[in-house]
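So here's one chain in two forms, each on its own in C-alpha cells, numbered structure 1 and structure 2.
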Structure 1
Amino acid sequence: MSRLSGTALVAPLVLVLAGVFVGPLLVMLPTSFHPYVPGQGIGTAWTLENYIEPFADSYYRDVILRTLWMGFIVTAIALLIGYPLAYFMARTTRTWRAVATLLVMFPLFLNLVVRSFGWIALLSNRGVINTWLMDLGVIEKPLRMMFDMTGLVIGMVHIYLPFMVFMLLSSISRVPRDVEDAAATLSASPSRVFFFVTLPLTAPGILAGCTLVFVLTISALVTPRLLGGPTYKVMSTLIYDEFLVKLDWPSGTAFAFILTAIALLVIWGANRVARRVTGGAW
C-alpha cells in the first residue's frame, strides 16, 4: 500500500484529536495569562498572577503539597500491599491465578462513582465500620474517616491498586526461576533470594507501577471530591471548583497547567531513571 493510503488511514483520527485535544489545550493557554474580572469573567490584560498565586498564597500551596503527599502515600501503600498479591499471582497455580486476576479486574472495571459510594457507606460517621465498632463497644464516638486524608488514601488505594498489581505481575512473571534457584542452591536464604535477586530484577516494574499510580492519583477528581467533600481539596477538585463554582476560569486554567506539568515531569523523570538503571534496555 502506498504512502497516500497510509495518510488516508491516519488522517481522520489526527483530525479528531487535533480538534478535541490539541486545539482546546492551545485555546486554554492564553486564558491562563489573563486576569479574572469578577462579574465579567476573563479580562483582556496580560498577567502572570495566575501562575504566581498558587505558589505565593499559602492556601493554594497547601493544596499542591497535599496533592503530592496524597500521591506519595497512596503509591507507597499500593506498592506495599500490591507486591505480595502480585507475587502470589505470579507463583501460584493456574486456577488461583485466574481467580485472582478476575477478582482484581472486577473492581478495576466497576464504575469509579460506585466504588467511591461504597467507601462512603463504609467510612462515614454513620457508616458500616463506625456502626459496627460502636455496637461492639470498641469506640463511643464515631471515628472521623472521611473529609480528611484517611478517607482519600483508603479510597484512592482501592481504586489504583489494580494498576499497580498488573504492572508488578507482568514484571514478576518475567523473572527467570533458574536465577532464583541458582541463588538458593548457593545457600542464600529465601529472604536473601528475594531482596538480592527477585526484587532488583522487578525494579523496572516497580518504577512503572509507582509512576502510573502516582500520576493517576494526583489527577483523580471523582474520589477526592466524594471522599474529601467540598472543603478538603486537592488540585483537581480545586480546578473543578474554580471552573464550575467560582467561574474563575483564568486561575483554574493556570492550575490545570501546573497539574499537567507536574504529571508530565514525573513521567519524564521516571523514564530517565528507568533508562539509566537498565541502560536503555527497558
Structure 2
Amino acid sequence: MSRLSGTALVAPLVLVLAGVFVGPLLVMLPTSFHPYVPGQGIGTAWTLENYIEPFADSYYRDVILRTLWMGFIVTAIALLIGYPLAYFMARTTRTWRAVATLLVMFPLFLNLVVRSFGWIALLSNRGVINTWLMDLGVIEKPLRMMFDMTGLVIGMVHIYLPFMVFMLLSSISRVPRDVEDAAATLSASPSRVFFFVTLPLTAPGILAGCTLVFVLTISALVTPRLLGGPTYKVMSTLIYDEFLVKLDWPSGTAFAFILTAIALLVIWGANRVARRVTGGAW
C-alpha cells in the first residue's frame, strides 16, 4: 500500500477526530486565559493565573499529586492481577479461555454507575464487608473504606482491569511457543523462561495496558465522585465542580488542559519507552 493510499484511508477518521475532539478543545482554549469575575462570569482580560494557581496553591498541588498517585496504584494493581489472568487465558484450553473471557467481559456489560453503587453497598460503614466482619467479631467498629484512596483504588481496579487483561492477552498470545520451547530445551527453568523470554516479549502489551489504564483512571469522573464523595477530590471531580458548582469556567478549563497535557505526556513517554524496548518495531 502506498503512502498516498494510506493517507486517503485514514483521512476521514482524522477529520472526524479533529472536528469532534480537537475543535472543541481549541474553542475552549482562550477561555482558560481569562479571569473569573464573581457575579459576572468570564472576564475580558488575559491572564496566566489559571495555569499558575494549580501549581502554586498547596490544595491544588495535593489534588494533582493524589490523581497521579491514584493512577499509579490502580495501574500497578491491575497489572499484577491482570498479567497472570491474561497468561492463563492465553495458554489454557479454548473452553476455559471462553469462560475466562466471559467472566472478564461481564463487568463491562453493566453500567458504570451501577458498578460504583455496588461497591458503595460493599464498602460503606454499614456495608456488606463491615457488617460481616463485625458479626464475626473480627473488628469492633467499621473500617473506613470509602471517601478516601482505599475505596477509589478498589473501585477503579475493578472497572479498568478488563482493559489491562485484554491488552496483555493480545500481547501474550503473539509470543511464539517455539521460542519458549527452545529456551526450555537449553535447560532454562520455567521461571527463567518466563522472566528472560516471555516477559520481555510482552513488554509492548504491558506498556500499552499500563498507559491505557493510567490515562483512563486519572480522567475518570463517575467512580471518584461516588466513592470519593464531595470532599475527597481528584482532578476530574475538581474540574466538574469548577464548571458546574462554582461556575468558574476559566479555572475549570485550565485544569482540564493540565489533565489533558498530563495524559498526552504519559502516552508520549510510554511510546518512547516502547520504541526503545522493541527497537522501533512498536
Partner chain sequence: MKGPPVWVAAVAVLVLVFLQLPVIVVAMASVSTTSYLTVPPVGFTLDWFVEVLTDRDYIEAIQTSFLLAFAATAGSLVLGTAASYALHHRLVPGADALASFFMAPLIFPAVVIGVALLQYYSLVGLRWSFWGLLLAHIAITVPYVIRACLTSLAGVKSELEEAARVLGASGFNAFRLVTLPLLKPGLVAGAFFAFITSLDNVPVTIFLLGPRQSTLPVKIFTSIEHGGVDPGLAAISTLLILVTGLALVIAERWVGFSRFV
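Because the structure is predicted, anything quoted here is derived from the model rather than measured. Just so we're on the same page, rigid core means the largest C-alpha set that superposes within 1.5 Å between forms. Just so we're on the same page, residue numbers count up from 1 along structure 1's sequence.
Participant: Pick one: which is the form predicted on its own?
Facilitator: It is the second structure (the form predicted on its own) rather than the first.
Participant: Core aligned, does the CA of A261 move at least 2 Å between the two structures?
Facilitator: Where the cores coincide, A261 shows only a C-alpha shift between the two structures that is less than 2 Å.
Participant: With both forms fitted on the core, how large is the C-alpha shift of A11 between the two structures in Å?
Facilitator: Its C-alpha position differs by 9.7 Å.
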